[in-house]
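Single chain ahead, by itself, as structure tokens, in the form predicted alone.
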């Protein structure tokens, strides 16, 4: 067997293990009975150990070194480059640590679900302490050149550091906060949903499924289920799982969660199948992944053009809803107000939610913030930034699933997704025409086809910044996003 074929064979085995882990993780959050948690943690730990053994096999290192010296095509070069990064990191982590850490994450997830449901931070705190302790241990194994938190940021968006995010967030805040103040002072009145009206969960589900299908999500190659926190799990392009949650008092919560996760799912379904179970067959980064979900949720879904298409379906499922037009529903969908929940935040305050989590994670890993002080730190910062105090920890520091899975350093990629999405939308409109007109036509295939060509089909053959430049003609920049929200919300709120 040639070095290339042996390398690809070994890599595909690694990614098959990853797919199994992903499937079991999806099951744990959707279908698994509560008493299955202990066994699931042990199974996931065993799988992680087997995968780690494959990843750290010296023969894989030899193959990587051999192929680095050979003449390869772009796809193979990208595979070798990414596997070099993964291999070099993995050999620094002891097998016992990988197994214990995986099991701790599985146990922590279950504890978080219970703590969130019961508003009981103490039930989760010991698990969180253990994870933070182990993550600090992981940072020591991997080595820290600058700040400890940089190691975690690099894990989710390669190359990004505190020195990159600090000025980015400061610049965004400088433009976002004055805009928020202007909106809060606006005399525009946002309609309120009628008191007492209930939105059937079954009807919400059917309505959201229609919207997801209209976006192009293939339910022959995917499915939608319910979970505590909405997410997307892409096992491979023909098996992509999305989840959502429901609120009988607010149908928009579920709608935009489904559009968000369907955007992730469309990316997964559009990845190059011929490169499945290899690095280049995966999404290039979490920031680019988030751009796909935010584009569909916000730039497509939170428009009057969208509601001109979706309103008849909405009325079909909720016949007792007032006879509002698309413009009124659009204003409701784009209401700007400080609120507690990140995933339901408007486009103006959303990035402030991300910045708050970023600052707290910096305090945890760079300043040693104790777990016991996280709730009060969260609440104090939230009140200072948003002007409201979370009434409980379920609406505060327990709301997100990420920490329960050890995903520290993940949150900043959401802001990158917002920036990338606006830049992609700007380029898309120049190539295929007025996006609002396309949305209003009810045929959204041009939008998906453009994203398939420019983003999805490229997998990870390019670095994230290179992919954005290839798709848009420009290096990543916050300007398109800032211009987009200033124009959109100035019009909505008559600024």
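Just so it is clear, the structure is predicted and the values come from calculations on it, not from any experiment. Numbering follows the first chain given and starts at 1.
The same protein also exists as the form predicted in complex with a further copy of the same chain; that form is not shown, yet it is the one meant from here on.
*Asks:* Does the trio 36, 223 and 241 actually contact a further copy of the same chain in the model of the complex, every residue with a heavy atom within 4.5 Å?
*Replies:* Yes, each of 36, 223 and 241 comes within 4.5 Å of a further copy of the same chain in the model of the complex.
*Asks:* Using the partner position in the model of the complex, report whether residue 75 sits within 4.5 Å of a further copy of the same chain, counting heavy atoms only.
*Replies:* Contact check for residue 75: no, nothing within 4.5 Å of a further copy of the same chain in the model of the complex.
*Asks:* State yes or no: in the model of the complex, is some non-hydrogen atom of residue 486 no more than 4.5 angstroms from a non-hydrogen atom of a further copy of the same chain?
*Replies:* Looking in the model of the complex, residue contacts with a further copy of the same chain do not include residue 486, since no heavy atom lies within 4.5 Å.
*Asks:* Please check if residue 32 has a heavy atom lying within 4.5 Å of any heavy atom of a further copy of the same chain in the model of the complex.
*Replies:* It does: once a further copy of the same chain is placed as it appears in the model of the complex, residue 32 has a heavy atom within 4.5 Å of it.
*Asks:* With heavy atoms only and a cut-off of 4.5 Å, decide whether residue 218 touches a further copy of the same chain in the model of the complex.
*Replies:* Residue 218 belongs to the contact set for a further copy of the same chain.
*Asks:* 318, 385, 277, 97: which sits within 4.5 Å of a further copy of the same chain in the model of the complex by any heavy atom?
*Replies:* The residue from 318, 385, 277, 97 that makes the contact is 277.
*Asks:* Among 27, 453, 431, 66, which has any heavy atom within 4.5 Å of a further copy of the same chain in the model of the complex?
*Replies:* Only one option qualifies, and that one is 27.
*Asks:* Just to confirm the contact call: exactly one of 233-241, 84-92, 108-116, 337-345 touches a further copy of the same chain in the model of the complex at a 4.5 Å heavy atom cutoff, so which is it?
*Replies:* Heavy-atom contact with the partner occurs in 233-241.
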